[in-house]
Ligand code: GLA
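Given as structure tokens, the chain that follows is alone and in the form predicted on its own.
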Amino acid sequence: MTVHSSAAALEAHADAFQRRFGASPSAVWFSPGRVNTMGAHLDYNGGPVMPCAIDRGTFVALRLRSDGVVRMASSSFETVLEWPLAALPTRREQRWSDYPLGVLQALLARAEAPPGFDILYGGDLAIGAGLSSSASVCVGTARAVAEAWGLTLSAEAVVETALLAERGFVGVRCGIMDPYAIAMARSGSLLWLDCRDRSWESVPLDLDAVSIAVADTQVRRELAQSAFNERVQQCASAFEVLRTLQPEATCLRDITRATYLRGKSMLEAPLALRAQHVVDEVERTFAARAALQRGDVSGFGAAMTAAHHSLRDLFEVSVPELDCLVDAACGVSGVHGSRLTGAGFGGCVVVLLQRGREDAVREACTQAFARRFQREPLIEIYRPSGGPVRWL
């Protein structure tokens, strides 16, 4: 099993399930988180993205019940939530359980007389840090519950289930990248996903030569959902204007640079900035893939850093804490590139660096961040992970 989470950690989660529910789980699943290296805010615009699953994630422990009741708990909270399976909430309740409830509602449409169950969530993935904890929960829930209910779900069906939960039940206007990054992950690789036609492939990353560091600002993204939805709407509005100049375009990703330059004056200032980022980032992401395929890791890293500058200046989703970490990391010899990962507005930066330079990156980022903000970031070294796996 290619996961950082040790057998001891997963065993501890199984023990926690027994303490919480009075019996051992029949299954424990690991569902990874993800970082995105290229294709910032392109997934909902139909563009290409290059995420990878990471070896930290969500633990899902489950045991079936015979009374038609669902009991749901998290290792982060004392309360056990309980509903009859036949009367699960049909709308969000503004709490952590909304994500797995959305998955259950989607799976109920596929199941015939499914049994109830006890389920416990935990893990070692920072929540609200831009590492896609929500998609990790949704994909892990879909895998665990589908197996328990005897449902056969393809990886594509798992992705659709996760999207129904996030978009339909929770109401986040997310793109397709996060569940794809987790459900389709291959160990030791980045995922190339074209969000226009959903074609994908694995792009190997030389793990003997590079490491992936993630530095967490610990700035939680309380405003991220509303601001994210605003960016989605701004991109949609920009596309409606620009498509009048390019009628064959189906999404903002299709808008060429020539069309953007012709139509820029037709856009209000914020919309012009958002569209420019998308046009630039599409070109940048294709160039980054080509660089990685020819072994030019430094060229790939330079594209990552350029993406961050665009996210800061054109898409306006960065914050000073993120900028500080990117600047500090990029000042270290052996760092190929760095950028914020996730939606922005807080959370984490991802750093692509030479193996052996991990301590130098930790020191530089910690010192620069502490000088400016009087506290230290959390810095972890990750390896690309495979997709969700059953441990027990």
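Worth saying up front: this structure is predicted, and the values here are computed from it rather than measured. Start at 1 and count along the sequence shown; that's the residue number.
Unshown form predicted together with this ligand; subsequent notes refer to it.
*Asks:* Does any part of Ala40 reach within 4.5 Å of this ligand in the predicted bound form? Heavy atoms only, please.
*Replies:* Within the cut-off, so yes.
*Asks:* Answer for Gly301 alone: is it within 4.5 Å of this ligand in the predicted bound form, judged on heavy atom distances?
*Replies:* Close contact is absent here: in the predicted bound form, Gly301 is far from this ligand, nothing within 4.5 Å, heavy atoms only.
*Asks:* Answer yes if any heavy atom of Pro48 is within 4.5 Å of a heavy atom of this ligand in the predicted bound form; otherwise answer no.
*Replies:* Flag for Pro48 set to no.
*Asks:* Would you please decide whether Gly342 lies within 4.5 angstroms of this ligand in the predicted bound form, comparing each non-hydrogen atom pair?
*Replies:* So Gly342 counts as contacting this ligand.
*Asks:* Using a 4.5 Å heavy atom cut-off, which residue among Ala185, Met177, Val158, Ala106 comes into contact with this ligand in the predicted bound form?
*Replies:* So the residue touching this ligand in the predicted bound form, by this definition, is Met177.
*Asks:* Looking at 77 to 85, 212 to 220, 167 to 175, 136 to 144, which lies within 4.5 angstroms of this ligand in the predicted bound form, counting heavy atoms?
*Replies:* The contacting stretch here is 167 to 175.
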